[in-house]
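In the structure tokens that follow, the same protein chain appears in two forms, which are kept apart as structure 1 and structure 2.
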Structure 1
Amino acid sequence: MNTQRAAVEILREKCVEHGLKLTPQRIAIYEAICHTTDHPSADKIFKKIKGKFPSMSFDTVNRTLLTFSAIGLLKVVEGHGDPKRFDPNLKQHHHFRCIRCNTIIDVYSRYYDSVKIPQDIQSRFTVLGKRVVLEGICKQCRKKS
């Protein structure tokens, strides 16, 4: 698949750039998370990979995800005290979180992208990223009640 090849190439570049080895584990983990849009936890990725890669340890998955986060291959999304959740989507986007089922859904909006950093905030901090975070009830949970 095209997107898979692209993923390995992106990974390879980043590894070379940071002097990291391109191991089968790293490839499997990066490909696994690239196929998600639900911001999975380390444990979810671990379980997903277990079938194809029975010898992999949870520690490797967790450590690798943190490494990826450190080199900017993915981000830890803002959560609410539950296990860390990872997001391979580096494009500017926003999040909606359901307070019932705790799902985090990507929101794309030019309008939100265009929200500016006011001058007084710029002088207080070095702002590297911004995001609009919405919360409420998702469609599925709305149906249930």
Structure 2
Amino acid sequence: MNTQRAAVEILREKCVEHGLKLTPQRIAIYEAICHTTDHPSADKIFKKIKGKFPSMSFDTVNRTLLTFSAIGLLKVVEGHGDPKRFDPNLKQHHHFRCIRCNTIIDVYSRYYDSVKIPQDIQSRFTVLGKRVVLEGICKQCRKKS
């Protein structure tokens, strides 16, 4: 099964599980997000698919992405005051965010995966996940300096 059909099948299963209709618009939004690695914003996805669905609003794209996050199809990655960015990569990973160009890069690290939650945090909260976000200057921005 090719990756596009596999993505639509995953979307179909999640929609059925959560009582959502599988619409051409939802398929287009999900395919657009699945074919990215740059953690796009809703605006970037909207611009990518508006030619195919000219009557679709930005609000529909944004609400659909938030729904996909709520049902476990993707995760929300938020920057500092920036619009929400979305990540379809559900594998355990962390992020590096460039403070100059706002690029977000996936980071895989067993060390970060194994970071222990301090006991004082565990006693006050129910931790459901953990993600390390490193911030700095990416290679491309360093070259420009």
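The term rigid core refers to the most C-alpha atoms you can superpose between the two forms while keeping them within 1.5 Å. This one's a predicted model, so the numbers in the text were calculated from it and none came from an experiment. Residue indices: 1-based, along structure 1.
*Asks:* Since only one of the two is the form predicted together with another copy of the chain, can you say which one?
*Replies:* The chain shown first - structure 1 - is the form that fits the description.
*Asks:* For residue 118, what C-alpha shift in Å results between structure 1 and structure 2 following superposition on the rigid core?
*Replies:* In the core superposition between structure 1 and structure 2, the C-alpha of residue 118 moves 3.0 Å.
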